[in-house]
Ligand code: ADP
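First, one chain by itself: the form predicted on its own, in structure tokens.
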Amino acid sequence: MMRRGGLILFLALVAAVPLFPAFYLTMGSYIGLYSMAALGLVLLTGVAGLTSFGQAAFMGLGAYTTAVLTTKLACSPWLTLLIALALTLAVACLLGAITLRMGGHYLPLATISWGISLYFLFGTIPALGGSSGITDIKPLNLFGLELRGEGFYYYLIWAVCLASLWVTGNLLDSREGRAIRALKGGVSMPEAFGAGGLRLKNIVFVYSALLACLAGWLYAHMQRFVNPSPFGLNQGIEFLFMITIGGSFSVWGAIIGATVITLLKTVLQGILPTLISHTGNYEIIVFGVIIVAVLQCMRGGIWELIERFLPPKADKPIGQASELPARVQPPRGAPLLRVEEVRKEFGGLVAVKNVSFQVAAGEIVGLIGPNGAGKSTMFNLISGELPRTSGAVLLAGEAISGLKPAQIARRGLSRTFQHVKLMPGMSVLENVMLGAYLRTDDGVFAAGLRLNRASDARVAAEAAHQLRRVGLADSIYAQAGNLSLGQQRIVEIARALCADPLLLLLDEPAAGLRFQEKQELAKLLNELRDQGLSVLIVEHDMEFLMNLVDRIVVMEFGQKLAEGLPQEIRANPEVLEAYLGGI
């Protein structure tokens, strides 16, 4: 009730702003515009982890498109909106294809470069008015009636802003949104469950650009004048300030950050020149000090502080839903995975040297070896995370070597990771729901308009079933980051099972588990084998492994040293010397 009351109070405040003096109406309009641009950055930078300084340039693209078309060609402003969005879509797709493959500091540097380029483009082309800009932009009209009142634009801006807020919240709470939130930990985890990492990056990049374009279009018709100044690098930096101060992980952080920065900037621009006796953008210095303080004391921004005083969100009940489509498991004993003379070279280092083995349907095969033997490299070669140098990998008779991880996942391979890869801020249920990404096909539009409720209910029911299956029914709504390491590994298995695989790759699943937990894991894996599921497992706990697996493959220095039944491996003198010691 307190959360709903806060929302009602916020909407009432937005509605009441025109009742105050004109200054507050103007400030309210700017806050709404900046909130839209910042909202795109929350999704792009705060959630997906892709830092961009070019948001202001996309805002300028929307503003200049409608300015030129309405003044030079007398186009309808509503038509220019469609043209501006289409142009921004094309430019964002092109820039995204070029820059989003970059990692580390190269991506923000690239966004700075094209952001500056667009800014100077606006200011140097004569048709765009140069540094003087374009005046006499058409006002919006409705059924032939021109709409010039500042109050009208205020309500229009906030109607669009609140609609954007609703759509963005829906998107984040969806199949695509869960995969987008997983991007911050790298692309390997979402790709292991069928989501294309580069595709997801392009989605958030384009969506963010379209929100900025929409804000720019509204800005141009509200002001009826544009020039390059509001669309430079400084404004792009301010948008990043907004989400950092407001809260970069929440859509509400965009509103709070835009409000704080806009009002504070106005106040400081009036106070600082009188204190310093010079004019200039001295408010940037104050913003920098605030940013440092926020990052040191409150990394989640102001919204994180507000949430501490709000009651926790009510858990969504998991109702009855029809089952998701499931794969037909191959007959027990049929060849499932074939690794044929696989080789991996890193420059002059041979990490895996012509290794071959098989996994049949309905069996558990252990892959063991001393540290550095090449086990994890072999896992990554099978799952497609690493490209092989030579050899072939076949799953159910189909060659999967050379395919991307997302494509391999869709063919029935699912995995866990040597180092746990969960989203700590998401609930256990949401983490496991990510595993079912490839079992539904809801797109961005369906998610944004909340047309995916039935499908999401089915995924939630499946995730809850898998959590009950692995013994974590009591932790469904807990945050994944609050679980012990052993429990997090079990969550990873539940997520992998949610993908309904033909073959399950487990990378050291017993690491960090207590004795009782290991026994429960062994019981679960035995049940999965009885149900026809095949498992390839890397594990260092020999007592756990020897009593579980059907066969063992031993690697040493990147080569296959031995293969056989557990008792044969236990008695093999070469294995004893290389790895098992006195076992």
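Predicted model, so just to flag it, every value in this text is computed and none were measured. Note that residue numbering follows the sequence shown and begins at 1.
What comes next is about the form predicted in complex with this ligand, which is not displayed.
Within this chain, residue 445 is remote from the site of this ligand in the predicted bound form, having no heavy atom within 4.5 Å. Taking the partner from the other structure, this ligand in the predicted bound form has a heavy atom within 4.5 Å of a heavy atom of residue 349. Residue 475 falls outside the set of residues with a heavy atom inside 4.5 Å of this ligand in the predicted bound form.
At a distance threshold of 4.5 angstroms between non-hydrogen atoms, residue 259 is out of contact with this ligand in the predicted bound form. 373 is the sole member of 189, 373, 118, 161 with a non-hydrogen atom lying within 4.5 angstroms of this ligand in the predicted bound form. 377 is the sole member of 377, 174, 487, 383 with a non-hydrogen atom within 4.5 Å of this ligand in the predicted bound form.
With this ligand left out of view, the stretch that reaches within 4.5 Å of it through heavy atoms in the predicted bound form is, among 363-371, 294-302, 325-333, 97-105, 363-371.
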